[in-house]
Structures are given as structure tokens and as C-alpha cells.
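This document starts with one chain, in the form predicted on its own, laid out as C-alpha cells.
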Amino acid sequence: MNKFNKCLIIAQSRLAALELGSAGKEFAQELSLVCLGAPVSAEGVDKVYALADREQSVTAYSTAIAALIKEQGYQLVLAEQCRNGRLMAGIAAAVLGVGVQTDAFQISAGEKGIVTKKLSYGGFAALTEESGSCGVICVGAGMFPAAEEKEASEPELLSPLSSGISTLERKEKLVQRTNLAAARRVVGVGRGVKDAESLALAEKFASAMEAELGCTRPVAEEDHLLPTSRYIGVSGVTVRPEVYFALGISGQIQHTAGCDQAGLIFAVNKDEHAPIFKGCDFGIVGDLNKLLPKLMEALANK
């Protein structure tokens, strides 16, 4: 594939801006970056745009970003796979007359454009999509290494334009910050962690291992034991740690697609037939509530 001439990156977080900067260099010759959050820049980015008033809803800038894509003739748009990123990706796709490629576990250059692969049919098949001469891709955390950050030149400010939606009230959401994508060690918990007591034990184990704590989607979105920012999987975070500990995780592909590039995978599950044992390097069959204290005791005595 020949590189695209111009690529627009849309990112809300600093880390996403750096990771998408790395992706952009791989696929395009000229890079521009729209910062939905605090202005930042990365090596290889030629132009930085920022929101003139970050107190305004990102939605208020949708018309301005659509106009920017038309005026500058961007052929490729890479958007952070977050709520605002998905919104802007949809707007960009409407401008370019293409679909949005989302929830990819693999992104690469194809013969004609960007090729993405994502799980389909409940994880039993992989759907391959190719962008063509124009493309809009939502990129999840950890899909690309972060580019070097560079001091941002004075960004060009985008003004909020009328979109038919006005902000009536803003309330800050308490978010538990994490950097799973960059962690060297990660402890992931699944439905085997059934309550706050089991979770506290897993947290102690993660602390003993100097690891970040992640989880499967049900733990975050159904049981609400951990925030969605810690969800590892196809539509969550992709991690590539040196060591991944899967505690009480069955091993469905929707989760393992987000952690199967770890250097080593250790699994603990009381079900000896759990799929996780087919993909791990070391596995223990047993109750994690009984095993974790023994493992921590062994660590303490080492």
C-alpha cells in the first residue's frame, strides 16, 4: 500500500495522541492532530489543533471538525476509541462517505488501504475490513507503541460552531486513572472474582507483583466491581505486558484477544476445562481465594 497523503488524528488523552501519532507515521505522509483534551504533540505530527473552549461539549466542535476534514482533504482519520472519539469518527465517516472500522484487534496496511480485523459471531469468526482510498479507523489503547512526545507548537484553535445542541450543565465524572497498555505486569480478574472481598485479595496480589489491575468486560459493566477503564478485551484495552495473570477468567476470545500478546500468561481457574488453559503458559486448577494467599506467602518468603 502507498501511504495516504494526509491523515487527521483525533485524540482525547495524551497517551492516545502519542500512540495514534505512531500509527499515523506508519500509514500517512503528513499528520495533523486534533486534541479533544489538553494540547499535546508527538514526533511526526505536522499540525496541532485544539479546542478553543474545553468547557464546551466536544459535540459543539463537530461542525468545525467536519469543515476541517473537507477543507484540508484528509484521506485517513484515526480516532481514539473512546466515547468522543467514536462520535467524531462517525462525523468524519459521513464527510468522507465511508464506514467506520471499529473494535479491531489487528490493524495493518493492505494492498488498497488499511486492513482491520475484529471478532464477529460472538468471537467465533474474525471479520476483515479494508478501507480503500479513504478510511476512518477507531484505534483502541495499546494497539501501537507510543511515539516520542514533542513540545507542541502554538496550536490552531477550533471554534465551537452551532450544531443544534447546547450544554446546559457539566458534572465532572470521577475516573480511576490507569495505564494498562504500558504496564509491564498486569493482573486480570474475571467472574471468578464474585465480590469485594475476592477483589481486595486480587488487589493485594497485584500490589505484591507490582502489577496493574485489569478485568473482563462483565466485571466492569455488569458487576461494576472495577471501572470500564480497566476492561481488557476487544472493545476495551489491548495489553502487551511481560507477564499477565488471569485470575478466575474463563478465557473467551473477546477477552483473550486483548491480552494474548503478553510475554507469559499465568492462569488460575477452578474449572479445569476453562478455555484459558489452552492459551496460557502456566495454569493452576483451583479456587483463587485459597491459592492467592499461598502465592503471596511464597513471594514474601522468597
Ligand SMILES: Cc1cc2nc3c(=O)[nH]c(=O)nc-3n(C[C@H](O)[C@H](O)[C@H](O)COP(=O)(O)OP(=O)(O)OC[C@H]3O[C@@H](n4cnc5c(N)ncnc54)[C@H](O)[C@@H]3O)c2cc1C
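Whichever C-alpha set is largest while still superposing within 1.5 Å between the two forms counts as the rigid core. As the structure is a prediction and not an experimental result, all values here were calculated from the model. The first residue of the shown sequence is 1; numbering continues from there.
The same protein also has a form predicted together with this ligand, omitted here; what follows describes it.
- Residue heavy atoms within 4.5 Å of this ligand in the predicted complex occur in exactly one stretch of 51-59, 37-45, 244-252, 23-31, and that stretch is 244-252.
- For the options Gly113, Gly190, Pro155, Pro160, the residue carrying a heavy atom within 4.5 angstroms of this ligand in the predicted complex is Gly190.
- Using a 4.5 angstroms threshold between heavy atoms, Phe105 stays clear of this ligand in the predicted complex.
- Taking the partner from the other structure, this ligand in the predicted complex has a heavy atom within 4.5 Å of a heavy atom of Asp287.
- In the predicted complex, at least one heavy atom of Arg217 sits within 4.5 Å of a heavy atom of this ligand.
- Interface residue remark: Asp271 is counted as part of the site for this ligand in the predicted complex, having a heavy atom within 4.5 Å.
- Scanning 225-247 for heavy atoms within 4.5 Å of this ligand in the predicted complex gives Tyr231, Ile232, Gly233, Val234, Ser235, Gly236 in sequence order.
- Leu291: CA moves 2 Å or more between the shown form and the other one after rigid-core fitting.
- The Cα position of Ser198 differs by 2 Å or more between the shown form and the other one after fitting on the rigid core.
- Relative to the superposed core, Ala28 shifts its CA atom by less than 2 Å between the shown form and the other one.
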